[in-house]
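Consider the single chain below, provided in structure tokens and representing the form predicted on its own.
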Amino acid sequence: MTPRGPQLETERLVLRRWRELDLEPFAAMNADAEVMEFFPAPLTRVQSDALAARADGGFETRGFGLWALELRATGEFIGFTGLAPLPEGVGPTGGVEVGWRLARPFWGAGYATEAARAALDSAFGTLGLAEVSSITAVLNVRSQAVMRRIGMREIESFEHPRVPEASRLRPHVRFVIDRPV
């Protein structure tokens, strides 16, 4: 992982490239059953490290990725926010989604909304995208609330192709926002 490359700042947050020091708190966050409630399972350390590498690697391969998220005041790692390709079989081919995951102590403070807005500014400004999606399990009402707060609208319900058929997490929704005119 390399700390060079695109970085964004908001009033309270820094969205930056990943550092080795992020891996331990990221693994702890991904092992938290409550944080991972709307994913098939918590992640092992190996899975978490691989996710961080893929998240950061997107900046090199696609020009966008998932930023490590830190508090400006303390430099503390609190999660990630950013842009990633939509999963195959979901939404438009080549579509991009905005996503986030925060450690539990940082929920409810508006950080996901603040960071997602910064990521959307990058998507529409720097990258010139016409549309950005966001997907989540139907049961994940907290993420859907963030989607609405950042101006997204719900456009479809679908069965996530990567989630087992019997899973309560298979029903998903996709929200979308268009580039401002």
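Note that this is a predicted model, so its numbers are computed, not measured. One-based numbering along the sequence shown.
Below, we turn to the form predicted in complex with a small molecule, even though it does not appear here.
Only one of 137 to 145, 152 to 160, 124 to 132, 47 to 55 places residue heavy atoms within 4.5 angstroms of the small molecule in the predicted bound form, namely 137 to 145. When the small molecule is considered in the predicted bound form, residue 71 lies well away from it, no heavy atom lying within 4.5 Å. Mapping the unseen interface onto this chain, residue 108 counts among the residues with a heavy atom inside 4.5 Å of the small molecule in the predicted bound form. Remark: residue 96 does not count among the residues lining the small molecule in the predicted bound form, judged by a heavy atom distance of 4.5 Å or less.
When contacts are judged by a 4.5 Å heavy atom cut-off, residue 12 counts as touching the small molecule in the predicted bound form.
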